[in-house]
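Before any questions on how it binds or moves, here is one chain, the form predicted alone, in structure tokens.
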């Protein structure tokens, strides 16, 4: 099946919700560069020309003993019984069967296609703080859509590991809600061949989100985050990294919507591009009229390892309140020749020195992972990946 067909399969039958979503999607069509949010990514063309590539072996989180739920080719395969029967956490999770829900107003085509064709998904309510992280794996070699809905009730703390390692094209949608005072740590890592992933996360009063997202491989990968700080005292910290090689096209977009006063957001991105890879990072902060005393920052950085690589950045501020502290910045450059010389002068060969500098650059994102066991696993994996893929 051509990859573009993942969005254009036949109209769903016997389901009014899916049929309505499909009509919305078809009316809009796939986003192109004429859509401001997709200005750098001509999705129909990229999907048409994309070729499935061999995916990397994902990080093995077995040593941190997570609850693990697996979806393969768009369908649940394993894990729910382990969660439901876990000793000591009987009351931590409540899982219900997946069912399509009506689209919100002004839904995008990607959202509508996902709702129309999603075969399965995780519908999870976290009632109490679980003793272990939760890992949701996306695997498979066929084109598919998946839709997840997760709710953390008031005061709950949880770590969510999102592993996307499907060789088939996939469109994943996450709807996540944090109750009052809830805390969610997300570790997201993409190895898939062709992927479009969108997460919408809503934070109630005093809720906190720490999200660390990595795109480590893939021919065409688009990762989009919409964070809605809806309650007073909500805080969101978004840290992102792209490691692009070959002819990869990696696109990240993070939007922080400040709906309430006394909220804060941090958007950081560290991108490394080699060969003819293209990276895109768009960050945006939107502050509503009544959202006073907002503190929001964006910092986008890129390290270019090749003259043929390309990085496009677009930090934006859209502010309607008058008592805020918002700032943004972007920096793009090559490896520091002085730093390379410094290391070589102390006996480090050039290739090793280059790898050390790249690893140190990405480490600024890895270091934001709160739990040490998970952080060490990611550090070791990225160090090995840099050693294998960076050019001499």
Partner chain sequence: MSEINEAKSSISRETVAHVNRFGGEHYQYGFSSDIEADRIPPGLNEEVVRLISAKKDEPQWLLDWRLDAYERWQTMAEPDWAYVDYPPIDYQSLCYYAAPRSMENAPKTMDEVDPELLRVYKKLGIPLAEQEVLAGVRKVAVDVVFDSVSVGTTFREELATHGIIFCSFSEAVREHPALVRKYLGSVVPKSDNYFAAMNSAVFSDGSFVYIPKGVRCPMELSTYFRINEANTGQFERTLVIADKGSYVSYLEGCTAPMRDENQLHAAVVELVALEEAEIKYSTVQNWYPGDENGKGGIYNFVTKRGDCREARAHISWTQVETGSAITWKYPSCILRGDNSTGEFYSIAISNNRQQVDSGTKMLHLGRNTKSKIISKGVSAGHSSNVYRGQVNMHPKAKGARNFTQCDSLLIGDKCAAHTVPYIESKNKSAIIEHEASSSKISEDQLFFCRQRGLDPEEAVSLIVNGFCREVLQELPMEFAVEAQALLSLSLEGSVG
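This one's a predicted model, so the numbers in the text were calculated from it and none came from an experiment. Positions refer to the first chain, counted from 1.
Keep in mind the form predicted in complex with the partner chain is missing from the figure; the text below concerns it.
The contact with the partner chain in the model of the complex, taken as any heavy atom within 4.5 Å, belongs to 318 out of 141, 295, 153, 318. Interface residue among 266, 129, 306, 208, judged by heavy atoms within 4.5 Å of the partner chain in the model of the complex: 306. Contact annotation: the partner chain lies within 4.5 Å of heavy atoms from the stretch 286-294 in the model of the complex, the single such stretch among 129-137, 286-294, 231-239, 189-197. In the model of the complex, the partner chain sits beyond 4.5 Å of every heavy atom of residue 59. Looking at residue 312, you'd find a heavy atom of it within 4.5 angstroms of the partner chain in the model of the complex. Shown alone here, residue 327 lies within 4.5 Å of the partner chain in the model of the complex, counting heavy atoms only.
When the partner chain is considered in the model of the complex, residue 334 lines it closely, a heavy atom lying within 4.5 Å.
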